[in-house]
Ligand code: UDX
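Just the one chain here, laid out as structure tokens, in the form predicted on its own.
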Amino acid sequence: MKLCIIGTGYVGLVSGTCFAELGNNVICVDKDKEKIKNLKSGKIPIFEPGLEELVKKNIKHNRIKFSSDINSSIKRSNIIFICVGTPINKKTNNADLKYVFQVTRSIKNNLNKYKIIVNKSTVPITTGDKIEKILMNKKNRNKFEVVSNPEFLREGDAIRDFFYPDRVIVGTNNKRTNRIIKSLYLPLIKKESRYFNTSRRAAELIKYASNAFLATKISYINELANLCEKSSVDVKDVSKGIGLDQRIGERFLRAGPSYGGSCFPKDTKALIHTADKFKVNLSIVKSTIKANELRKNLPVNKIHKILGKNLKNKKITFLGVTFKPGTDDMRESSSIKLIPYLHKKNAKIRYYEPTGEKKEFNKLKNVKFFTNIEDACNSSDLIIIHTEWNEFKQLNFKKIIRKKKINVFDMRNLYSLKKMKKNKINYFGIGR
């Protein structure tokens, strides 16, 4: 099939590349000419394991092309995917849809034949209706169908998630359109139950509802962790015990800092905005957001508990600064607020991050990036395991820190309490 992917951000680039890998002819479009230039040579703008190799492979086989010419790309394709950003509007807390509507107007001006318009961007209920309204006029009548097809790609596991999806949600009531989209996804559907055709509005809501539910699980276990810490219970045991119940499941029941990333913070807020618009009180989701905001204070309080009130000249090392492993994404990461706070307290901050130095900290004079773990940790007063990269799971702290007194604040509970105590390491986890 001839596909046009508009937007070469995370969703667009991964989806376009994977569709090409399935044998489709794909054009990925972006208005950023420098990005397109780099993509044509196989250089990708994001960190995603395996993606660069797939891009280069499909460029070589002429299945994927990159262009900044949106008009000709739309005209040459049969199915158009909208994969642009929907950032949060800070004034309203709703999703900002200006990029979605800009793309829609470009599509409207280039409907030279019947096309299926597939929205993969995360959008509130009724956005598909608005897209349809923009596209509709006498000239374009019967030339298009608007579909909602939300993405469920996890950063760091996006390629696997695309090829082995838990589910493919397609929102359309048009039987012909549904048949075409189903045939596009057919190589990925091992079981019939994985493909779910529903209404367009339902598909839009499923995406928000999914993210809000997962965010709620995180806030729930984080609040239980507070109780565990006060009552001398290990939250890891509680997580495992309740996660064994198949109705609950163990995923997203790991206590830690506040949730971050590009999805949960903005999507929970946007869902509340939509519910308010329909005069519905989503009190549980509101509580989830509130709990997550309160959670942001936990790391600061823990650091002061370990090192005291005065942090001047204290050497503090961060292992990882991204919001999760497998990605270079810094959006809503705990380190974004934590490191500047410690900098203001005149602490000496070091950090090692597998995906490289971060521009967010470049202007902070007491913050230094290291290219290896040993140099970053040497003689530190406190090691903070911030992100659960695999390379942080089997460290010999005595060897890399080289001090008698060793303090480790494990924000991800990667290590055994018993082993840390046996090795005479002052170990502090979360909810333990």
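Remember, predicted model here, so these are calculated numbers, not experimental data. Counting begins at 1, following the sequence as shown.
Below: the form predicted in complex with the ligand, not depicted.
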Task: Check all three, Arg63, Phe163 and Tyr185, heavy atom within 4.5 Å of the ligand in the predicted complex - done: no
Task: Heavy atom within 4.5 Å of the ligand in the predicted complex - residue from Leu311, Ile336, Leu282, Leu214 - done: Leu214
TODO: Have a look at Tyr195, Phe252, Tyr220, Tyr99 for me and say which one sits with a heavy atom within 4.5 Å of the ligand in the predicted complex.
DONE: Phe252
Open item on the list: Can you tell me whether Arg154 touches the ligand? I mean in the predicted complex, with a 4.5 angstroms heavy atom cut-off.
Closed with: yes
Open item on the list: Against the ligand in the predicted complex, would Phe323 count as a contact residue? Criterion: heavy atoms within 4.5 Å.
Closed with: yes
TODO: Give a yes or no for Pro299: in the predicted complex, does one of its heavy atoms lie within 4.5 Å of a heavy atom belonging to the ligand?
DONE: no
Task: Exercise: Ile116 in contact with the ligand in the predicted complex, heavy atom 4.5 Å - done: no
- [ ] Please determine, with the chain shown alone, which of 172-180, 261-269, 100-108, 345-353 has non-hydrogen atoms within 4.5 Å of the ligand in the predicted complex.
- [x] 261-269
